[in-house]
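Only one chain is shown below, in structure tokens, and it's the form predicted alone.
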């Protein structure tokens, strides 16, 4: 059974858990799925086994400690250590998939909003001029920022597993760490990097086409991964 089928079956079976068991299991599920570089197939298989055992315990009215012990996080760490690593080729495909999705979404929406402002309201220009040197520097640094943010989002999500964090505090931390700080850095990047290199001018609507091509490449890699 492949991982996609296992995930779909897992989603259905989890509905049979009561609230407490569901919270504990979903923390376990998120913690294991966020483990970088581990085989998705093996991860989903072990998660399904845990769910089946937990459902049996629930039917028999037994404590979850019989399955996870007194420290579920430590139990999850032990499972992760035993999981095989993802193949390097597949890991590279996932990295490029994320890269294409980032370029696709950012380029498409840049073209989309510029087109609305120009064709709908007569604002801005109907074409954009880019300095290739500047564009290269901004793109490379932006991609680096995105990978750093994604890395720390994963670390943060793993950190909150098995904890009861106040929702207001959680929202505030998330907004500052993964919203305000990265957005401010992007803005500073656009203002601070000087113009350099050969110029190229393209109509704003073509940015949506370019974004669509990047997004299609990301989707292609997603289907192959």
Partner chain sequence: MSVRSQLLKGILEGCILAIISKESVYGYELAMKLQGQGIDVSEGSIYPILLRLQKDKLIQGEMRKSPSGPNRKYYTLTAKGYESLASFKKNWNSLKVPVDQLLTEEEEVE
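Positions refer to the first chain, counted from 1. What you see is a predicted model; the values in this text were computed from it and never measured.
This protein has a second form, the form predicted in complex with the partner chain, left out of what is shown; the following refers to that one.
J.: Every residue in 15, 18 and 27 with a non-hydrogen atom within 4.5 Å of the partner chain in the predicted bound form?
T.: Spot residues vs the partner chain: no contact at all.
J.: Just one of 99, 79, 135, 145 has a heavy atom within 4.5 Å of the partner chain in the predicted bound form. Which one?
T.: None of the other options qualify; the answer is 79.
J.: So which of 130, 108, 75, 118 gets a non-hydrogen atom within 4.5 Å of the partner chain in the predicted bound form?
T.: Of 130, 108, 75, 118, the residue with a heavy atom within 4.5 Å of the partner chain in the predicted bound form is 75.
J.: So, in the predicted bound form, is residue 83 in contact with the partner chain at a 4.5 angstroms heavy atom limit?
T.: Because a heavy atom of residue 83 falls inside 4.5 Å of the partner chain in the predicted bound form, the answer is yes.
J.: Does residue 67 make contact with the partner chain in the predicted bound form, using a 4.5 Å heavy atom cut-off?
T.: Close contact exists here: in the predicted bound form, residue 67 approaches the partner chain to within 4.5 Å, heavy atoms only.
J.: Examine residue 49 and determine whether its closest non-hydrogen atom to the partner chain in the predicted bound form is within 4.5 angstroms.
T.: So residue 49 counts as contacting the partner chain.
J.: Does at least one non-hydrogen atom of residue 163 fall within 4.5 angstroms of the partner chain in the predicted bound form?
T.: Flag for residue 163 set to no.
J.: Pick from 182-190, 196-204, 58-66, 165-173: which stretch has a heavy atom within 4.5 Å of the partner chain in the predicted bound form?
T.: It is 58-66 that comes within 4.5 Å of the partner.
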